[in-house]
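One chain comes next, on its own, written as structure tokens: the form predicted on its own.
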Amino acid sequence: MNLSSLSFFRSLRTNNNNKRQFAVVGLGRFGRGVCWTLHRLGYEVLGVDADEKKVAQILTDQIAAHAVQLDSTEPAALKEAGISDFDTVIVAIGNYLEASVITTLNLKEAGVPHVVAKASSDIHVKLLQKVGADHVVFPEHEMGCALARSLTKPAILDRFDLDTDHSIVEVIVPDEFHGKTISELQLRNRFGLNLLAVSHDSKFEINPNPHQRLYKGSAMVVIGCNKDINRLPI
């Protein structure tokens, strides 16, 4: 997670989670996915799009409590729909840069406290930040990076980037570690890594006993510098 995003998520936590309302502007695949997930989690969601068919479909599929057709680049239309009253608005227009940027600007000028915007390029990210987006996501870029990592390091099952230099990763226990205890491996001394958890009977044991043995085919979770993680024999 980018450290600059921390203030945004801290701000979200100050709201009452049970009463928070969300609006999603742009009902393409990404916007529909956000609506579907929020709706299933029990939150009130308003779907917004300029395309009447997409608005009708989201209601038919019952993945949002409400949906409205409007041009989000028009401040008056947003105001009339009451979108400025929502706690969090997700701008999921990604593929239309001008509409995405103008919509984000309109929402911030209308006083929406939390605006999350989807970007489709590096320049798009910068423009959204310039007009006041509180948080910008670049899903295609993030998925591309994740795919490249999984292809080059197939033993890494999952990864959470803390910043550009540090990560938490779930990795398959290397053959070299098979049958050895955590104490014997001395991961901190040899690799500069801290072991957070190991898998056992399809579950993870947090802060495992140093006398516990590791076996190939199981998984372990470590935290540390990326350069040190890359030194693991995986």
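Counting begins at 1, following the sequence as shown. Fair warning: this is a prediction, and the values are worked out from it, not measured in the lab.
The same protein also has a form predicted together with adenosine-5'-triphosphate (ATP), omitted here; what follows describes it.
Note on the interface: of 66-74, 200-208, 174-182, 39-47, the segment with non-hydrogen atoms within 4.5 angstroms of adenosine-5'-triphosphate (ATP) in the model of the complex is 66-74. Taking the partner from elsewhere, A99 is found to have a heavy atom lying within 4.5 Å of adenosine-5'-triphosphate (ATP) in the model of the complex. Put simply, G28 is close to adenosine-5'-triphosphate (ATP) in the model of the complex: some heavy atom of it is within 4.5 Å. Among residues of the shown chain, L128 is not one whose heavy atoms approach adenosine-5'-triphosphate (ATP) to within 4.5 Å in the model of the complex. Put simply, D61 is far from adenosine-5'-triphosphate (ATP) in the model of the complex: not one heavy atom of it is within 4.5 Å.
For the stretch 86-124, the set of residues having any non-hydrogen atom within 4.5 angstroms of adenosine-5'-triphosphate (ATP) in the model of the complex comprises A92, I93, G94, N95, Y96, A99, K118, in sequence order.
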